[in-house]
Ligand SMILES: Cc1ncc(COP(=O)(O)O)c(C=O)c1O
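Shown here is one chain on its own, the form predicted on its own, set out as structure tokens.
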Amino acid sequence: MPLPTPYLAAKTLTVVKPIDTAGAPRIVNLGLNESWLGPAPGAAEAIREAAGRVHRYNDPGCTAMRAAIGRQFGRDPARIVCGNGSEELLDAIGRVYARAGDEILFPACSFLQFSIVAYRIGAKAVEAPLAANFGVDVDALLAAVTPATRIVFVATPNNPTGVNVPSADLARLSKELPSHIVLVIDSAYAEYVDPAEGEAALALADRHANVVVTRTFSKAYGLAAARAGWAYAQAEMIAALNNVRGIGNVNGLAQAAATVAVGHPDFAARVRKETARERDHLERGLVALGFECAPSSANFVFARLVGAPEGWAQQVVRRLAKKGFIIRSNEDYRLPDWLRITVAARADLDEFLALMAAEVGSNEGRSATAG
């Protein structure tokens, strides 16, 4: 008997990678860009209170959540759509605006989800060359536009590099991109940069009918497990996205938590300040060990050991996992020498740096022996 044939072949690219931590005394996960500072005030309490209503269906329109977001950012809630994390909304944008044979364009080394969105719908993922230090090259993006281009994704700050795209560059891109092409500004890490930059991105969606901005509560607001995100665009685009998103896509517990969390900009500001301080500490420690670091503006560091042999990064990931420290390697981005390390509490970072110093020392010892 013939078996069902998938319309898409098996794909190995994945945002979350399995890793073996068997035998580790404790686990410090520096691989998923979670916030070590915990959830926003009142969010956990809101979940506990909402749990008593778990036998009731959630509000499919996320009315209270959208209203709270609108109040905080000074935007019309009718122009906000909520999602099961911002990733669901990225996927919805792909399904609404692109089809098989179309092209989805983004800068090289961008968030892996962009290529996954294209793959799911049979579109072609197209990468534009980067500028120096993993910077986004607006001219290269515009030059890569073809008659088949339907969506342009730009993440700022970007994952995995952490590099921020200046507001002026986003403004020029939105102005010069053909108006029938959707420009998606993925701002999952917006809370880690100056709030004025997040406001500038939302303002682009006010000025241009083809611009949509996506945000999440998973990072700075500390609600990674709740899965709550949102997007802002003009009314026609929001209506289209509402047509394809899942009914009840944001569960009631997540809605309750996000509704409370977004009302604490002071907490987000503290997260931004403390993350920047610990990111600088981590970068200084890595540079002292011989690493180079990309100019990250997010809650992680993107680093490469200068002169490391091929495969060293992957070996370090495996060895550190056995000691309880999870970090991310980046071969899926064709950057196998680079590591992504989430910012965390100072004690955990110092323990990680000590482990990394031993790894670097062992590598240098092996290199000297081989020489």
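Everything numeric in this text was worked out from a predicted model, so none of it was measured. Numbering starts at 1 and runs along the sequence shown.
What comes next is about the form predicted together with the ligand, which does not appear here.
Checking 78 to 86, 200 to 208, 281 to 289, 95 to 103 against the ligand in the predicted bound form, the stretch whose residues place heavy atoms within 4.5 Å of it is 78 to 86. Of the heavy atoms in Y221, none are within 4.5 Å of the ligand in the predicted bound form. By the criterion of a heavy atom within 4.5 Å, R150 is excluded from the residues contacting the ligand in the predicted bound form. Though the partner is left out of this view, R245 does not reach within 4.5 Å of the ligand in the predicted bound form, counting heavy atoms only. Interface residue remark: A155 is counted as part of the site for the ligand in the predicted bound form, having a heavy atom within 4.5 Å. Interface residue among A123, A231, A188, A254, judged by heavy atoms within 4.5 Å of the ligand in the predicted bound form: A188. Proximity to the ligand in the predicted bound form, defined as a heavy atom within 4.5 Å, singles out one entry of N159, T275, T259, N164, which is N159. Contacts between 220 to 247 and the ligand, taken as any heavy atom within 4.5 Å in the predicted bound form, involve only R227.
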